[in-house]
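Quick heads-up: it's one chain on its own, the form predicted on its own, in structure tokens.
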């Protein structure tokens, strides 16, 4: 039986065509819990459909942050763990990820095996997701030993996405890396994967403007993720610009339904 969060995601994609997810990184070395909680409240108010919690270099114990974020909002909180240290029972669900184009088996299945028993015992809803790194990849690619896909080779991404689908993953995430320049994953790559794969496409990394996110949706993405943009902007204008960005996603998504 589908989990509550997965049912929420699929129903919203069916009804609205495209969703916006906010990525928050509760790294205690760089941000206070109160700051992350305020970011969470603001992105929810702006209309974000879900909050992903995680990062490539999280240090320390994140349980307190995850609980505080989950208690502060009504939209789903979904773990986006960079390692086994990024797991908490206080989230609503977890993207159980495999970095399929890593050159290191640890990031493909090793970390997942180490964390699986604890995740299973926690009762946390898990959503299997294939994580695919696209150039430049940034910190996530460096940490994950990824052989990043060249931006002008969409067929390579498609091959991996189809393999992910046939292996039973429910989602495929095309990731250019946090803070990537160039407007995110290339449209041609998103389009090719979404056209031939039968599982929803998430994309993130470098989607910093209204034009960027609309391009992603028009290319076929079901979910566009923003993280660095939120970290740099949402507190300053109280989510005013984010509200306009999310509205543009919804307008573009409505044309798909």
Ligand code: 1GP
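Quick caveat, the model's predicted, so the values are computed rather than measured. Residue numbers count along the first chain shown, from 1.
Another form exists, predicted in complex with the named molecule; not displayed. Remarks below refer to it.
Within 4.5 Å of any heavy atom of the named molecule in the predicted complex lies no heavy atom of residue 48. Taking the partner from elsewhere, residue 62 is found to have every heavy atom lying beyond 4.5 Å of the named molecule in the predicted complex. Within 4.5 Å of some heavy atom of the named molecule in the predicted complex lies at least one heavy atom of residue 178. The named molecule in the predicted complex comes within 4.5 Å of no heavy atom belonging to residue 242.
The stretch from 62 to 70, 205 to 213, 30 to 38, 192 to 200 that comes within 4.5 Å of the named molecule in the predicted complex, counting heavy atoms only, is 205 to 213. The contact residue chosen from 149, 96, 107, 173 relative to the named molecule in the predicted complex is 173, the criterion being a non-hydrogen atom within 4.5 angstroms. When the named molecule is considered in the predicted complex, only one residue from 53, 221, 43, 225 comes within 4.5 Å through any heavy atom, namely 225. Contacts between 19 to 36 and the named molecule, taken as any heavy atom within 4.5 Å in the predicted complex, involve only 23.
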